[in-house]
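One chain comes next, on its own, written out as structure tokens in the form predicted alone.
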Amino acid sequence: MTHRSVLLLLCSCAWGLFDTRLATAQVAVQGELVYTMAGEPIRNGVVVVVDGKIAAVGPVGTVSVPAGLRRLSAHVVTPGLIDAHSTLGLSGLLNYEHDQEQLERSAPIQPALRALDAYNAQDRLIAWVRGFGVTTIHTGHAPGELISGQTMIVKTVGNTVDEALLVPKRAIACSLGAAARKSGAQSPGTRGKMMSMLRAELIRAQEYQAKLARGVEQTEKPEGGEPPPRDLNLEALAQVLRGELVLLVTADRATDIANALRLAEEFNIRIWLDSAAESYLLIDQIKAAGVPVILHPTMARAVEDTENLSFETAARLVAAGIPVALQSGYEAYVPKSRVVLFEAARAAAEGLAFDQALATITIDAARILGIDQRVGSLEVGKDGDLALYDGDPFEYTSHCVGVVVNGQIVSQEIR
């Protein structure tokens, strides 16, 4: 441990960081450098959290700290980190069949599958990533089927999904390319078949929605008949058509990215490009479409559809003005998840400025996910989610020394 780390540890102990009995939803966090992500960093700053919400932010001496608040300190303080796409809580730590809920293989199109029903709030991987400062995750069904299911947004706390829940349904996960391809006589076996199946299902959802509005059965009863029987898959896709849910399209090849953009225009639906390894080849088209990119982990393996990925893609997209967030993604091997802190650190070494890299896992991720009124920056009224570090968060010698979620101290281990 470095001399700085020892000093900070002693300081933290003196301020009560490691006494779990004192953990409350009211805390004052002081940092030598506070990155609010809502303006310039504050030197020798303090963030006051009362009743789980940020009550004040500013330089020490300008902010009144109510008596009796728990006090923490660190070298660097940032907003709690946001993982813009993962399968945490569904793909479990043990990597055995009984804790792998991220992908149902019985059919290629299953938009009715709810992440809410599969999430294990107590899986140890959640606590593991939380220990590095990750406080919010957009998680759900993994890439691997044409439409694998729904996603949701949760905090990395709570004993149950209801305690962790932030947004119960956020997107429908869709895969194009090798991940969705079937072998033999199964469909879809080609890219053309994938797009045909998606179009057909979206058209069915349009017709279902129209019949609901007219109050007629799918069997075309006369006007005034009974509404059609409920179809959970079509109901979910109808929410995409109405703009209530986003279609999260995992597409890495330029061909698949272009297909996704074309589909969005054809049906006037909102999409997020996910992974998007070859997105640097279609920067103009992506920007013109106004589509954000939840980019693959910077250090993802370059195989199959991602063989042409680049460490510099995040920097290229950000330079072009395209909204970008980074993700941990889905890993088929143990420990099943990456850590967005490390992925952003590598992106910062490959062309992104420090504040740009931090934004991809804080405020920019929150804006893309539509939760920036709650999280992503340290501003009055937002949730009291903070990450504390004993040095530059992107340096491999630095450690996360504390994590606060909703004003509660949830991690005390030096990571």
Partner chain sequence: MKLILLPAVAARPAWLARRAPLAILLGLVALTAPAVAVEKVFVHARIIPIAQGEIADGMLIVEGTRIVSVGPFAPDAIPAGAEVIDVRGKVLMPGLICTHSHIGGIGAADGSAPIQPGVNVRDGLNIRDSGFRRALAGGLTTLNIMPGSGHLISGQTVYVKLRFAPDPPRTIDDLLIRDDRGAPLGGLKMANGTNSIRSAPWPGTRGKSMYLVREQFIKAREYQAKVAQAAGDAAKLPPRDLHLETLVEAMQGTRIVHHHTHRHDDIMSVLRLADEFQLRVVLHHVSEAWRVASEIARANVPCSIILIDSPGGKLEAEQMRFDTGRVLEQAGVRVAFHTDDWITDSRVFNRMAALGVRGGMSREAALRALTLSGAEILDLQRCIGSLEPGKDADFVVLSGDPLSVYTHVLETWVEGQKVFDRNRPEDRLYAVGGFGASHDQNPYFCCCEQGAESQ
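These numbers come from a predicted model, not from an experiment. Numbering follows the first chain given and starts at 1.
Although not depicted, the form predicted together with the partner chain is the subject of the following passage.
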property	result
Candidate stretches 36-44, 368-376, 51-59, 350-358, one within 4.5 Å of the partner chain in the predicted complex by heavy atom	350-358
Interface membership of residue 104, the partner chain in the predicted complex, 4.5 Å heavy atom rule	no
Contact label in the predicted complex: residue 119 to the partner chain, heavy atom within 4.5 Å	no
Contact test in the predicted complex: residue 338 vs the partner chain, heavy atoms, 4.5 Å	yes
Exercise: residue 213 in contact with the partner chain in the predicted complex, heavy atom 4.5 Å	no
Partner-contacting position among 161, 127, 197, 302 - heavy atom within 4.5 Å of the partner chain in the predicted complex	302
Heavy atom within 4.5 Å of the partner chain in the predicted complex - qualifying residues of 300-337	301, 302, 303, 304, 307, 308, 309, 310, 311, 312, 330, 332, 333, 334, 335, 336, 337
